[in-house]
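Before any questions on binding or motion, here is one chain by itself as C-alpha coordinates, the form predicted alone.
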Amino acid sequence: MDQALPLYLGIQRELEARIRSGEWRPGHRVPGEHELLGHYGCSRMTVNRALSNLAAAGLIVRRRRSGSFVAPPRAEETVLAINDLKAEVEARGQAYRPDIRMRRERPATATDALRLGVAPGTPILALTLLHLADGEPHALEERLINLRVVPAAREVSFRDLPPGSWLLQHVPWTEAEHSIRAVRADARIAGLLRRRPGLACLVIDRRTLRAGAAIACARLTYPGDRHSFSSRLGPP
(Lines give C-alpha, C1' and ligand atoms only; values in the text may rest on other atoms or scores of the structure.)
Protein backbone atom coordinates (compact mmCIF):
# COMPACT_ATOMS: atom_id res chain seq x y z
CA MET A 1 0.00 0.00 0.00
CA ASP A 2 1.22 3.54 -0.80
CA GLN A 3 2.29 4.95 2.57
CA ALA A 4 1.82 8.51 1.29
CA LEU A 5 -1.95 8.00 1.01
CA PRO A 6 -4.42 8.36 3.88
CA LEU A 7 -5.08 4.86 5.21
CA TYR A 8 -8.77 4.82 4.23
CA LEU A 9 -7.84 5.74 0.64
CA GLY A 10 -5.15 3.07 0.49
CA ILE A 11 -7.68 0.44 1.63
CA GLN A 12 -10.25 1.76 -0.84
CA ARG A 13 -7.81 1.53 -3.74
CA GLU A 14 -6.70 -1.99 -2.86
CA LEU A 15 -10.29 -3.23 -2.73
CA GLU A 16 -11.18 -1.33 -5.90
CA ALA A 17 -8.24 -2.90 -7.74
CA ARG A 18 -9.52 -6.37 -6.93
CA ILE A 19 -12.95 -5.47 -8.29
CA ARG A 20 -11.74 -3.75 -11.46
CA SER A 21 -9.25 -6.53 -12.25
CA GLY A 22 -12.04 -9.10 -12.15
CA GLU A 23 -10.50 -10.96 -9.20
CA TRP A 24 -13.72 -10.20 -7.33
CA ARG A 25 -16.65 -10.79 -9.66
CA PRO A 26 -20.16 -9.34 -9.27
CA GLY A 27 -21.83 -10.90 -6.23
CA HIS A 28 -18.51 -11.71 -4.52
CA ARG A 29 -18.67 -11.05 -0.77
CA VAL A 30 -16.23 -8.33 0.28
CA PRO A 31 -14.37 -9.08 3.54
CA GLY A 32 -16.38 -7.78 6.50
CA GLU A 33 -15.44 -4.84 8.68
CA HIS A 34 -13.96 -7.09 11.39
CA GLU A 35 -11.81 -8.93 8.83
CA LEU A 36 -10.56 -5.64 7.37
CA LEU A 37 -9.90 -4.23 10.86
CA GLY A 38 -7.71 -7.21 11.64
CA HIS A 39 -5.92 -7.17 8.29
CA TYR A 40 -5.10 -3.47 8.19
CA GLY A 41 -4.83 -2.81 11.93
CA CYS A 42 -6.94 0.33 11.75
CA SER A 43 -10.08 1.83 13.25
CA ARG A 44 -13.66 0.94 12.34
CA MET A 45 -14.16 4.53 11.12
CA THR A 46 -11.29 4.12 8.61
CA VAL A 47 -12.71 0.87 7.20
CA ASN A 48 -16.23 2.26 7.10
CA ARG A 49 -15.06 5.32 5.14
CA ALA A 50 -13.32 3.15 2.53
CA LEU A 51 -16.40 0.93 2.12
CA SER A 52 -18.74 3.92 2.01
CA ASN A 53 -16.71 5.46 -0.82
CA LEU A 54 -16.80 2.22 -2.80
CA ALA A 55 -20.57 2.03 -2.32
CA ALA A 56 -20.99 5.67 -3.42
CA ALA A 57 -19.01 4.86 -6.57
CA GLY A 58 -21.38 1.98 -7.33
CA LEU A 59 -18.69 -0.70 -6.98
CA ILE A 60 -20.18 -2.49 -3.98
CA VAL A 61 -23.60 -2.95 -2.40
CA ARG A 62 -23.79 -2.82 1.40
CA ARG A 63 -26.52 -4.91 3.00
CA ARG A 64 -27.41 -4.65 6.63
CA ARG A 65 -26.57 -7.85 8.53
CA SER A 66 -25.42 -9.57 5.31
CA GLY A 67 -22.27 -7.56 4.55
CA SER A 68 -20.89 -5.97 1.38
CA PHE A 69 -20.92 -7.48 -2.10
CA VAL A 70 -19.45 -6.51 -5.46
CA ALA A 71 -22.18 -4.68 -7.35
CA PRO A 72 -23.73 -6.20 -10.50
CA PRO A 73 -22.78 -4.63 -13.86
CA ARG A 74 -24.51 -1.36 -14.63
CA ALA A 75 -24.79 0.13 -18.12
CA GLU A 76 -24.55 3.57 -16.61
CA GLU A 77 -21.73 5.96 -17.35
CA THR A 78 -20.89 9.52 -16.46
CA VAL A 79 -21.12 12.06 -19.27
CA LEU A 80 -18.88 14.60 -17.57
CA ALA A 81 -15.67 12.56 -17.56
CA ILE A 82 -13.35 11.29 -20.27
CA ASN A 83 -14.18 7.62 -20.00
CA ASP A 84 -11.79 4.74 -20.52
CA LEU A 85 -14.20 2.33 -22.23
CA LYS A 86 -11.93 -0.67 -21.69
CA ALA A 87 -11.85 -0.03 -17.92
CA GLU A 88 -15.59 0.72 -17.98
CA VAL A 89 -16.44 -2.67 -19.49
CA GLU A 90 -14.00 -4.59 -17.29
CA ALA A 91 -15.35 -2.87 -14.16
CA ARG A 92 -18.71 -4.47 -14.99
CA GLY A 93 -17.07 -7.90 -14.88
CA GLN A 94 -17.20 -8.40 -18.65
CA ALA A 95 -14.50 -9.36 -21.14
CA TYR A 96 -13.42 -6.41 -23.28
CA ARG A 97 -12.22 -6.50 -26.90
CA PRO A 98 -11.81 -3.71 -29.47
CA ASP A 99 -12.91 -4.58 -33.02
CA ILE A 100 -11.32 -2.14 -35.47
CA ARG A 101 -13.49 -1.78 -38.57
CA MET A 102 -11.62 1.03 -40.32
CA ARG A 103 -8.23 2.70 -39.92
CA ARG A 104 -7.06 5.30 -42.40
CA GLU A 105 -4.44 8.03 -42.42
CA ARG A 106 -5.57 10.93 -44.60
CA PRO A 107 -5.74 14.72 -44.94
CA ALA A 108 -8.70 16.18 -43.03
CA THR A 109 -11.74 16.79 -45.19
CA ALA A 110 -13.95 19.83 -44.62
CA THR A 111 -16.23 17.69 -42.43
CA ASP A 112 -13.26 16.28 -40.49
CA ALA A 113 -11.88 19.79 -39.99
CA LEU A 114 -15.18 21.02 -38.58
CA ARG A 115 -15.44 18.10 -36.13
CA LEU A 116 -11.83 18.21 -34.98
CA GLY A 117 -11.29 21.97 -35.11
CA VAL A 118 -8.32 21.99 -37.48
CA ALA A 119 -7.62 23.32 -40.95
CA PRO A 120 -8.67 21.18 -43.93
CA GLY A 121 -5.73 19.12 -45.14
CA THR A 122 -4.30 18.58 -41.63
CA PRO A 123 -2.95 15.01 -41.42
CA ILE A 124 -5.29 12.87 -39.31
CA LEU A 125 -5.81 9.24 -38.36
CA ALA A 126 -9.46 8.20 -38.78
CA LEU A 127 -10.68 5.13 -36.89
CA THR A 128 -13.97 3.29 -36.62
CA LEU A 129 -14.19 0.56 -34.00
CA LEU A 130 -16.62 -1.40 -31.90
CA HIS A 131 -16.10 -1.79 -28.17
CA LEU A 132 -17.24 -5.33 -27.36
CA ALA A 133 -18.37 -6.54 -23.93
CA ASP A 134 -18.53 -10.34 -23.73
CA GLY A 135 -18.61 -10.32 -27.54
CA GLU A 136 -21.60 -7.96 -27.78
CA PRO A 137 -21.39 -4.34 -29.01
CA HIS A 138 -21.07 -1.98 -26.06
CA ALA A 139 -20.48 1.18 -28.11
CA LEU A 140 -19.47 2.32 -31.60
CA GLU A 141 -16.57 4.78 -31.75
CA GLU A 142 -15.70 7.02 -34.70
CA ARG A 143 -12.49 8.89 -33.84
CA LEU A 144 -10.20 11.41 -35.50
CA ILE A 145 -6.67 11.96 -34.14
CA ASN A 146 -4.63 15.04 -35.06
CA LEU A 147 -1.29 13.63 -36.25
CA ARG A 148 0.42 17.02 -36.00
CA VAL A 149 -0.13 16.91 -32.25
CA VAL A 150 0.06 13.12 -31.77
CA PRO A 151 2.40 11.77 -34.49
CA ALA A 152 3.12 8.65 -32.39
CA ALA A 153 -0.42 7.41 -33.10
CA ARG A 154 0.78 6.36 -36.57
CA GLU A 155 2.77 3.53 -35.01
CA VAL A 156 0.08 2.18 -32.66
CA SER A 157 -2.16 -0.69 -33.77
CA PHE A 158 -4.85 -0.11 -31.08
CA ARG A 159 -5.66 -3.83 -31.22
CA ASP A 160 -4.69 -4.41 -27.59
CA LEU A 161 -5.40 -0.96 -26.17
CA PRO A 162 -8.17 1.10 -27.80
CA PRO A 163 -7.39 4.67 -28.95
CA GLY A 164 -9.25 6.39 -26.12
CA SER A 165 -7.39 4.39 -23.47
CA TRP A 166 -4.05 4.93 -25.23
CA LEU A 167 -4.60 8.69 -25.48
CA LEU A 168 -5.55 8.93 -21.81
CA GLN A 169 -2.33 7.15 -20.85
CA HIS A 170 0.07 8.90 -23.24
CA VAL A 171 -1.26 12.32 -24.23
CA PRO A 172 -2.10 14.85 -21.51
CA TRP A 173 -5.03 17.17 -22.28
CA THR A 174 -5.96 20.54 -20.78
CA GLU A 175 -9.47 21.11 -22.15
CA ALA A 176 -12.40 18.94 -23.19
CA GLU A 177 -15.75 19.58 -24.82
CA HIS A 178 -18.71 17.25 -25.12
CA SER A 179 -22.29 17.15 -26.26
CA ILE A 180 -24.94 14.46 -25.97
CA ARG A 181 -27.98 13.81 -28.14
CA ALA A 182 -30.44 11.10 -29.08
CA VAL A 183 -30.62 9.72 -32.63
CA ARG A 184 -32.32 6.85 -34.40
CA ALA A 185 -29.91 4.26 -35.76
CA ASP A 186 -29.65 4.27 -39.54
CA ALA A 187 -28.93 1.05 -41.44
CA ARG A 188 -25.12 1.43 -41.12
CA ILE A 189 -25.08 2.09 -37.38
CA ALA A 190 -27.76 -0.53 -36.70
CA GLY A 191 -25.73 -3.11 -38.60
CA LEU A 192 -22.56 -2.35 -36.63
CA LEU A 193 -24.36 -2.38 -33.29
CA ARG A 194 -26.36 -5.50 -34.25
CA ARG A 195 -29.63 -3.72 -33.61
CA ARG A 196 -32.70 -2.98 -35.67
CA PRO A 197 -32.75 0.22 -37.78
CA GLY A 198 -34.59 3.04 -36.06
CA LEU A 199 -33.51 2.02 -32.55
CA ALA A 200 -32.97 5.03 -30.28
CA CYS A 201 -29.26 5.56 -29.57
CA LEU A 202 -27.35 7.93 -27.32
CA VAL A 203 -24.52 9.79 -29.03
CA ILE A 204 -21.71 11.59 -27.24
CA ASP A 205 -19.38 13.86 -29.23
CA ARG A 206 -16.14 14.66 -27.42
CA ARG A 207 -13.12 16.77 -28.32
CA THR A 208 -9.92 17.08 -26.31
CA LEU A 209 -7.35 19.85 -26.62
CA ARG A 210 -3.94 20.73 -25.22
CA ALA A 211 -3.11 24.40 -24.86
CA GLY A 212 -5.75 25.21 -27.47
CA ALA A 213 -4.56 22.65 -30.05
CA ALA A 214 -6.98 19.83 -30.92
CA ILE A 215 -5.75 16.37 -29.92
CA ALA A 216 -8.66 14.17 -30.99
CA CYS A 217 -12.41 13.97 -31.29
CA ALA A 218 -14.62 10.94 -30.82
CA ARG A 219 -18.23 10.17 -31.57
CA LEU A 220 -19.49 7.40 -29.27
CA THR A 221 -22.82 5.78 -30.15
CA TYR A 222 -24.48 3.64 -27.48
CA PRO A 223 -27.54 1.43 -28.11
CA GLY A 224 -30.28 3.09 -26.09
CA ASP A 225 -31.90 -0.18 -25.04
CA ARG A 226 -28.86 -1.08 -22.92
CA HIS A 227 -27.52 2.21 -21.56
CA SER A 228 -28.34 5.15 -19.36
CA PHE A 229 -26.10 8.06 -18.40
CA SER A 230 -25.84 9.84 -15.10
CA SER A 231 -23.55 12.14 -13.15
CA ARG A 232 -23.16 13.23 -9.55
CA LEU A 233 -22.29 16.89 -9.04
CA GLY A 234 -21.30 19.03 -6.10
CA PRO A 235 -21.20 22.79 -5.65
CA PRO A 236 -18.27 24.67 -7.21
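Residue positions are given as counts along the sequence shown, with the first one as 1. All values derive from a computational prediction rather than experimental measurement. For clarity, a rigid core is taken as the largest C-alpha set superposing within 1.5 Å between two forms.
Same protein, other form: the form predicted together with the DNA, not shown, and the subject of what follows.
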Quiz item: What is the one choice in 42, 209, 189, 59 with a heavy atom within 4.5 Å of the DNA in the predicted complex?
Solution: 42
Exercise. Using heavy atoms only and a 4.5 Å cut-off, determine which of 26, 32, 38, 198 is in contact with the DNA in the predicted complex.
Key: 32
Quiz item: Using heavy atoms and a 4.5 Å limit, would one call residue 48 a contact residue for the DNA in the predicted complex?
Solution: yes
Quiz item: Is residue 67 close enough to the DNA in the predicted complex to count, meaning some heavy atom within 4.5 Å?
Solution: yes
Quiz item: So in the predicted complex, does any heavy atom of residue 63 sit within 4.5 Å of the DNA?
Solution: yes
Quiz item: With both forms fit on the core, is the shift of the CA atom of residue 220 between this form and the one not shown 2 Å or larger?
Solution: no
Quiz item: When you overlay the rigid core, is the Cα of residue 168 off by 2 Å or more between this form and the one not shown?
Solution: no
Self-check item: Large Cα shift (2 Å or above) at residue 197 between this form and the one not shown, core-fitted
Solution: no
Quiz prompt | Closer or farther in the predicted complex: C-alpha pair residue 173, residue 56 (3 angstroms or more) | solution = closer
